[in-house]
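Here's a solo chain for you in structure tokens, the form predicted on its own.
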Amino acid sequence: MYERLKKSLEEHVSLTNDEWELCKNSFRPKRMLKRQFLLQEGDICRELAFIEKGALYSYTVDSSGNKHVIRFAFDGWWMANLHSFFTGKPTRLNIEVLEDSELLVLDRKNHDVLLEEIPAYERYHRIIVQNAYVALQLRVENALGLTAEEKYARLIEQNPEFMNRVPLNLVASYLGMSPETLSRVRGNFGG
């Protein structure tokens, strides 16, 4: 069950066998079913989750009960609310399982031990956080400056798996448009 985690680490850093064993033993496997919550609004995020297999998404719910999808995460990606994880403050986000998933979760104590004991893990974590920040910045720029057609084109170019693995109403929410607008835009793209 640790294949994707090992691959993700190896793509960015080199670990000794002992370092890998310490990493591996710091994570706890967790299986979750579709529609279960990894995290709910008001909870404190106490674990980082690495997705070995499956899909999750994070969202907020406004006062009218509408979902606003923030992020999706698939096989080999990380998911958590970093603000809550690092500050210990309650989250405003929900993280829900989109497909039955196999996760590897890492609590704060074990995360801190890995950062302290394995310099390569600290480097890996920095790279992952940097990449997440860049992706978030691009998402904000796209949300603020692109037409519906441009948002959709970028999504299918950068993340084609979204269209095969995510319900269209959630894709529409992620793109900041109504399902009807997404349907029209998809029709213009022939799909």
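In this text, residue numbers run from 1 along the sequence as written. As the structure is a computational prediction, the values presented were derived from the model and not from experiment.
Separately, the form predicted together with another copy of the chain exists; it is not shown, and the next lines address it.
Answer option from R46, R28, R126, K34, heavy atom within 4.5 Å of another copy of the chain in the predicted bound form: After the contact test, the surviving option is R126.
Among the candidates E161, E149, E122, E41, the residue which, in the predicted bound form, approaches another copy of the chain to within 4.5 Å (heavy atoms): For this set of options, the contacting one is E122.
Close approach of I70 to another copy of the chain in the predicted bound form, 4.5 Å, heavy atom: Yes, contact at 4.5 Å.
is_contact(H83, another copy of the chain) in the predicted bound form, heavy atom dist at most 4.5 Å: Yes, H83 lies within 4.5 Å of another copy of the chain in the predicted bound form.
Touches another copy of the chain in the predicted bound form: P167 (any heavy atom, 4.5 Å): P167 lies outside the contact set for another copy of the chain.
Touches another copy of the chain in the predicted bound form: V134 (any heavy atom, 4.5 Å): So V134 counts as contacting another copy of the chain.
Contacts with another copy of the chain in the predicted bound form, stretch 86 to 117 (heavy atom within 4.5 Å): Read in sequence order, the residues that approach another copy of the chain (within 4.5 Å, in the predicted bound form) are F86, R92, L93, L115, E116.
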